[in-house]
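Listed next as structure tokens: two forms of one protein chain, kept apart as structure 1 and structure 2.
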Structure 1
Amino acid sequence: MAILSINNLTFRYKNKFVFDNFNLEVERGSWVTIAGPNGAGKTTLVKILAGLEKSYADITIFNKPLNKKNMYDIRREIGFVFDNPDNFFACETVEDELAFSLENLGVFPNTIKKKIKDVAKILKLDDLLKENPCDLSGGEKQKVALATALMLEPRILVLDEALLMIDVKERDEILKTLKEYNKQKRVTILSFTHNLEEAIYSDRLIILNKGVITIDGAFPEVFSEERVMRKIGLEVPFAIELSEKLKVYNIIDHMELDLERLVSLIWK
């Protein structure tokens, strides 16, 4: 069942069309990654879903049309994490930042404390709770922004280049954690990125180019289209690119996403 559907989306900046009759349906509990090069329309789509840009479209989220009347109720259940968390911090400590939204909803302090403990544990933020979020490094700030979104237990989590400043190792750990979260709580994840390495735990990968869906498929089979991805300027995961080059010399016979399995395949 679709938790989000966009029909006939048309949007333009001045005279330039970003979307012209764009359609998308996202299943409940799925993890969909929408990837595309700079200028593909990713951030515009996030802004439209967040109600920050007005568009002509028939958008339904949680079976309710996205309009002025339903905006508050819909937004209440979507967690948005943007690429530049600096713009969102309002409190002097990470702990207060995490508590902020729930305090405003009148949740009991003890419940908030417990939730902060749980979320901090998931994202390894325990040591940073007393720090000022503005004093943290870029990657730490992004983790706090993600934690703030998880505090509200959203039904849909929208990530707009949300792991950009986090280093590869930590990013992989966070992606694994999010996958568990996605499975256990049936949270729908909609991830917007230009980095296909971030799509490895997705159920579905959509490639957006100039406002049009160019590729839409299940993961990882969708990488059979890796040439198209590269042509429009996307960086294909290292293991996929290496597999493709080794296949040309008949050193391996199929693509591998995992480097260790790929090395075993080379020297089997």
Structure 2
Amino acid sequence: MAILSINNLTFRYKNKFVFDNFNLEVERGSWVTIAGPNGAGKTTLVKILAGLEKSYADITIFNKPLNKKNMYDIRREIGFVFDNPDNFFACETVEDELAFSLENLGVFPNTIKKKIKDVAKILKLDDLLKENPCDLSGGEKQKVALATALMLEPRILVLDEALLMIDVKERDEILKTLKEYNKQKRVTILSFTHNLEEAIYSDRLIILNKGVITIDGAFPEVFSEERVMRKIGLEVPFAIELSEKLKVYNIIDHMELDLERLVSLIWK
């Protein structure tokens, strides 16, 4: 069942089409990554879903038309995490930032405290709760922004280059955590990125270029089209590239997405 449906999306920017009759359906509980180079239309699509840009389209979320009447109810159940969290911080400490949205909704203080403790533990923010979010590093700020979204327990989590400034090792840990979150709570994740390594835990990978879906399929299948991805300027992850070469020489018999597992297979 589709939790989000976009039909015939048309959007222009300065007399230039960004989207022209664009269509997309996202199933409930799935993790869909939309990847593409700069100018592909990723951020524009996020802004349209957030109601920050108007468009001519039939967009349905939670079986409700995305319009002015339903916008508030829909936004309450979607967590948006943007690439630059500085624009959204409103409080003087990380702890207050996490509590802010729930306080506005009238949630009991004890419930808020427990949620802060749980989310801080998941994202390893315990030592930062008393810090001013504006004084943190870029990666720490993005973790706080993600934590703020998770505090609301959204039905859909939208990530717009939301892990860009987090170092590789910690980013992978966060992706694994989000995958567990996705499975256990059936939270739909819609991730927009130019970094294909962030798509490793996706159920579905969509390659977007100039407002058009170029490739759409299960994660391993999409990478069989690596030439297409290179042509539009996307960098194929090293593990995928190496897997393909090793398959040619019959060293392995399948595509391996995880570099550590790939090394283990080679040394067997």
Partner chain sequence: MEVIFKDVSFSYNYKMENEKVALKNINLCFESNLIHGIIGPIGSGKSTMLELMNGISLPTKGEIIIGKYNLNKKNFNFNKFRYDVGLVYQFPEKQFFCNTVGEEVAFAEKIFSPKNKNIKSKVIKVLKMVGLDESYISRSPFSLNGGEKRRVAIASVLISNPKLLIMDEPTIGLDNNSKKRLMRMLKKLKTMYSKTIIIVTHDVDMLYEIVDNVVVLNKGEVVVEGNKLNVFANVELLEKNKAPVPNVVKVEKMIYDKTGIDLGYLPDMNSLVRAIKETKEELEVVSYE
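Along the sequence of structure 1, residues get numbers from 1 upward. Note that the coordinates shown come from a computational prediction; the quantities given were computed from them, not determined experimentally. Take the two forms, find the largest set of C-alpha atoms that superpose within 1.5 Å, and that set is the rigid core.
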Looking at both copies of this chain, which one is the form predicted alone? 2
Relative to the superposed core, report the C-alpha shift of Ile251 between the two structures in angstrom. 6.1
